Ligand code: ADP
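What follows is one chain in structure tokens, specifically the form predicted alone.
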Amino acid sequence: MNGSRASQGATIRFDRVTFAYTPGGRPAVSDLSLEIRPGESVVIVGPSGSGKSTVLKLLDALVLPQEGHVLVDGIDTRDQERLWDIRRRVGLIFQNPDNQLVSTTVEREIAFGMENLGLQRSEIARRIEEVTERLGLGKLLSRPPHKLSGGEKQRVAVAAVLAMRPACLALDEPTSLLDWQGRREIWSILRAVGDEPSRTVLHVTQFPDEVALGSRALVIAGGELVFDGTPTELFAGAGRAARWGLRSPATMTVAESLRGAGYSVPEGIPSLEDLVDAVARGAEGRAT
């Protein structure tokens, strides 16, 4: 196995799932059916309170459906005897990293989950070296997690989960509490992880700009799946995304303005780096 990659991604299936937090209350998720294939990178977006985060809680068996079934590699989340198998397959990153950092140093934090898996010390040390190099955490290993910046804390939380090599990485609005620099740090990690065909990624976000981090976009509104397609398809055409309260990504809006000014910008939802390159190429062309 190379780096912190899982051997294969997980297959996720929701079969007519309904869940409400209170008996007789309005369902947070209603009659939801979808299938996510191994290796897919999926971004889930929707209005506040639409049920996005509930989907991840159902996936990790933190809550159980009142109707229907959630299957992780064919394992029903209602099967309490297989709960450990599900948790080994699904690595969940919370919105607030402080809610999942429990150790006294970054090194101990990353090792904690692997120790629970019963891995040998030599394997734990090897994986710590791999993930800290990959996520740029080497200089922080002896630091207390609670003294880190928000972006550093979230990177440590991601590293601790990746070190356990889950088949599915599930992230619940991982950048919502971060500043701009912290968000960009997490974006770079999500782009790299999303490109790995050996891991399934589900990323819940409230930011339209992050939809382009996945190859597939799902819109949840009122607890129902109302869109399933590519990020570009979601924001193509006037008013499609707006009907669910979603604005176009800022990079898409800027790209349209640059094209109007004669710059060559990739279609779809370009990254910030694409926009900078387009402006630089345009400046060079004008200079010559």
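Because the structure is a prediction, the values reported are computed rather than measured. Don't overthink the numbering: it's just position in the shown sequence, from 1.
Form predicted in complex with ligand ADP: not shown, discussed below.
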property: Answer option from G68, G245, G229, G49, heavy atom within 4.5 Å of ligand ADP in the predicted bound form; result: G49
property: Contact assignment for ligand ADP in the predicted bound form, among L59, L234, V43, A28, heavy atom within 4.5 Å; result: A28
property: Partner contact for T251 in the predicted bound form: ligand ADP, 4.5 angstroms, heavy atom; result: no
